[in-house]
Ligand SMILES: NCC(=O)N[C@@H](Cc1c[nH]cn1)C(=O)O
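Only one chain is shown below, in structure tokens, and it's the form predicted alone.
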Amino acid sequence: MSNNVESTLKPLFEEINNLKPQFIERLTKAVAIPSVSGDESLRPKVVEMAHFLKQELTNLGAQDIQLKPLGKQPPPVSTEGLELPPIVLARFGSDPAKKTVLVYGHYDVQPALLEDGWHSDPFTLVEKDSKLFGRGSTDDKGPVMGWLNSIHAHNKLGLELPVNLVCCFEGMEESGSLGLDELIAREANAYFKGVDTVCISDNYWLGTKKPVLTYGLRGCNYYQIIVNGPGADLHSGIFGGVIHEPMTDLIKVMGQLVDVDGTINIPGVNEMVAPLTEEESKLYDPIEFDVDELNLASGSKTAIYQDKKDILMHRWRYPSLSLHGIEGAFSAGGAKTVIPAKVSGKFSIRTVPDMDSDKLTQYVIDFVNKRFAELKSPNTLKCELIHDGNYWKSDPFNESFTAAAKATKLVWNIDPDFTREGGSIPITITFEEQLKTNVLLLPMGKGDDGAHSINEKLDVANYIEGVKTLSAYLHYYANA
């Protein structure tokens, strides 16, 4: 069966090479629309991007294209009655004999200004040194155009798509994916009925040399500790040394949450973590990564671990606790001698299998309350969960991952690394739970693309070979 797939893909790959100028032109048009979801003044541009996609999908012969309204944006908003950008849905084929793949991507981008340090206008795609520079080039307009390019190449060749393809493109991913969870729940047995698997291309290779497939993401529980004391901010010259200071209490408690080597000190947390299996451990062996790459990425030599496996496991499969900041404390330049009346410390825990969010929150609150009680302070303390997002882990040996691994090997001539990521993409879990199916993360870009940074880029090779990889994945999956 594999040979049949490869003989089909050979002319398709040639067609993709031939269409390269048109594919770059398509991305150029997409990048030119400053669809910054976090900037209310640019909301019309986000909507314009949705209509651009609708037009492209129409030109490619999509059926049942719908721009699903999500209603008004919930507060806080400066513009009252601000409409959320629509979700763009489209389908190619509805053959009951074929498998159905849902592809997800987002058409909104992070803010970008030339004066931030870009070496060219962020909303003009510039090709330089075989790289395509522009906001959204890798996150996530390049991959979204990649799916359209794949359909374009099939059409040009007169080759039928091997699967039914359902597209789901959103415009608020960079601003919390507002409204998307509800839409997926509503459409699970409607537009998305019969979906066999979901493919998301919204992440990156671990490094710059070797393609990867991602089968896990950490979750994130975000907490705050509020300490209330005096009725107003006080002068340390008058009150210093004679009252219990909220800031001192807060730092005493926060300082006990985690050790300098990253060890979480809250009882019960580490005991929830799924034990490492031999099968999982082996997945780390072929991965190309070392401490120098970590140092390069962090811009420092401050790594806790020096060994590849230790670094990657503590980034991907073990929890971490990070202290983020203190609200209400003096933080400007100068030397203000204030005693803050109320301070709020923020921290988060990156969660992993098999941690239970409710249990974790109880452990955190119990620990914080116990440590505060030991201070015997008359101040009041409240510890609370601000938000949580669950971890995600898939089976890297299922049909979808196997198809993606074959596609990657065919295009790049190397077996991909199977990776997890330390960050979160909450939508993976929503798709999995609502559609009762599995999700694959199939990245296009490299680890140095600078997705949320200045001079975001996508290598031309990754863009074009990425279209081949996405295409080959559909053919291998259809034949799995």
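Take the two forms, find the largest set of C-alpha atoms that superpose within 1.5 Å, and that set is the rigid core. None of the values given here were measured: they were computed from a predicted structure. Numbering starts at 1 and follows the sequence shown.
One more form of this protein exists, namely the form predicted together with this ligand; it is left out here, but the text below deals with it.
- A residue is said to contact a partner when one of its heavy atoms sits within 4.5 Å of a partner heavy atom; H51 fails this definition for this ligand in the predicted complex, lying far away.
- At the 4.5 Å threshold, heavy atoms of C220 reach this ligand in the predicted complex.
- Although the partner is absent here, K29 sits far enough away that none of its heavy atoms falls within 4.5 Å of this ligand in the predicted complex.
- Taking the partner from the other structure, this ligand in the predicted complex has a heavy atom within 4.5 Å of a heavy atom of H387.
- Considering this ligand in the predicted complex, the lone stretch of 355-363, 235-243, 111-119, 171-179 in range is 171-179 [heavy atom distance within 4.5 Å].
- Annotation: in the predicted complex, residues H106, D202 and R350 each come within 4.5 Å of this ligand through at least one heavy atom.
- Among the residues G61, P69, P44, G423, the one placing a heavy atom within 4.5 Å of this ligand in the predicted complex is G423.
- Taking this ligand as positioned in the predicted complex, the only residue of 427-464 that brings a heavy atom within 4.5 Å of it is H452.
- Once both forms are fitted on their rigid core, the CA atom of I349 lies 2 Å or more apart between the shown form and the other one.
- Annotation for R186: C-alpha shift under 2 angstroms between the shown form and the other one, rigid core superposed.
- Superposition on the rigid core between the shown form and the other one places the CA atom of Q73 less than 2 Å from its counterpart.
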